[in-house]
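Listed next as structure tokens is one chain, alone, in the form predicted on its own.
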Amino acid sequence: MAKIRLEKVNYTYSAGTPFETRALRDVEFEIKEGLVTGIIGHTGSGKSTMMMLLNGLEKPESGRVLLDGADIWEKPKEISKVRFRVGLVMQYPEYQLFEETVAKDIAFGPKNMGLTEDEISARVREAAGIVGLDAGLLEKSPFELSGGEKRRAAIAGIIAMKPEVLVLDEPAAGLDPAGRERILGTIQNFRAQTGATVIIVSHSMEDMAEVCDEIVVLLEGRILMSGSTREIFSRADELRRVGLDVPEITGLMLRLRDMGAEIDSIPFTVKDALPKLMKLLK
């Protein structure tokens, strides 16, 4: 079942000026409910524009964005309700932390929803638990946290609004390997505990392979391909022809197969590749 559907969506920046740029061209695809969907493509392919269209930060020039089958712009005065249902985490969200304590920062969204103090407190604790922030950190200044903790605190502020859809732009960008693993674990934990739909925009094929069920590939404002993660990364030659790639471990396994190694199926994560490599070494 489609949670979000885009129907013939077009979007142009600076229309009618010398700087006119067509960002999206007749885009049509579905985001299935309860899955993690990745969106990949070059810089300028339309990823960020699409992300902002999904929760109503931008409005299509033409076409429709449907949430549970209803056009999100059917009632423009109620677009703020859509933004509570579709939570958006921008790149480097830790730069948006501003409150005196971590708890107050996480509580900012729920307060804007008009919830009671008890409801807000419960949501702060629940969101902190989902992202793996220790309760002892909640009364600290967010500026005392590590980079990874700040990132998780910022994501907790969106999760506390209990969105039906969580959209993340480059969630692991700039983090060390340990921080990356924690952020990806946070995303998986959120989906597992809530059943929410998750959309990730990223340049990291490794991140996509690790957490995504399905992938959409954008090229120059159009959908180049979409399907399961396995289906998309199985089309390595097509991806490379347009300047994209597959996870490094997938590239390695493809080269080994081309060299004559017997590999029954190509893996997309190191975890899946390890037993195959051990078998080859033996």
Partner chain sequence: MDEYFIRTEHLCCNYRDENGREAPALIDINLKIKKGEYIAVIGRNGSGKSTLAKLLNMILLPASGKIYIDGKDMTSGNLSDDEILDIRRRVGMVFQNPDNQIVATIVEEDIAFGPENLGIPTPEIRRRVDYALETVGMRGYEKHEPHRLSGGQKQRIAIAGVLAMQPECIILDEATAMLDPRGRAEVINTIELLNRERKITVIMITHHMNEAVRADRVIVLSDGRLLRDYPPRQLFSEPDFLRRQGLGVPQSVELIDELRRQGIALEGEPVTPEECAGAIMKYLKQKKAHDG
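Predicted, not measured: the structure shown is a model, and the values here were computed from it. Residue numbers count along the first chain shown, from 1. In this text, rigid core is short for the largest set of C-alphas that superpose within 1.5 Å between two forms.
What comes next is about the form predicted together with the partner chain, which does not appear here.
A.B. asks: Just one of 252, 66, 224, 236 has a heavy atom within 4.5 angstroms of the partner chain in the model of the complex, so which one?
C.D. replies: None of the other options qualify; the answer is 252.
A.B. asks: Quick one: from 185, 174, 195, 132, grab the residue that has a heavy atom within 4.5 Å of the partner chain in the model of the complex.
C.D. replies: Only one option qualifies, and that one is 174.
A.B. asks: Looking in the model of the complex, is the partner chain within 4.5 angstroms of a heavy atom from every one of 120, 122 and 137?
C.D. replies: Looking in the model of the complex, the three residues 120, 122 and 137 all stay beyond 4.5 Å of the partner chain (heavy atoms).
A.B. asks: Going by a heavy atom distance of 4.5 Å, is residue 217 a contact of the partner chain in the model of the complex?
C.D. replies: It does not: once the partner chain is placed as it appears in the model of the complex, residue 217 has no heavy atom within 4.5 Å of it.
A.B. asks: Hey, in the model of the complex, is residue 230 touching the partner chain, heavy atoms inside 4.5 Å?
C.D. replies: No.
A.B. asks: Although the partner isn't part of this model, could you tell me whether residue 245 comes within 4.5 Å of the partner chain in the model of the complex, counting any heavy atom of the residue?
C.D. replies: Residue 245: yes, in contact with the partner chain in the model of the complex.
A.B. asks: Test of understanding: in the model of the complex, would residue 59 fall inside 4.5 Å of the partner chain by heavy atoms?
C.D. replies: Because no heavy atom of residue 59 falls inside 4.5 Å of the partner chain in the model of the complex, the answer is no.
A.B. asks: Heavy atoms within 4.5 Å of the partner chain in the model of the complex: which stretch among 202-210, 185-193, 68-76, 123-131?
C.D. replies: The contacting stretch here is 202-210.
A.B. asks: Pick out the residues of 40-67 whose heavy atoms come within 4.5 Å of the partner chain in the model of the complex.
C.D. replies: 42, 43 sit within 4.5 Å of the partner.
A.B. asks: Superposing on the rigid core, is the Cα displacement of residue 25 between this form and the one not shown 2 Å or more?
C.D. replies: Stays below the 2 Å threshold, so no.
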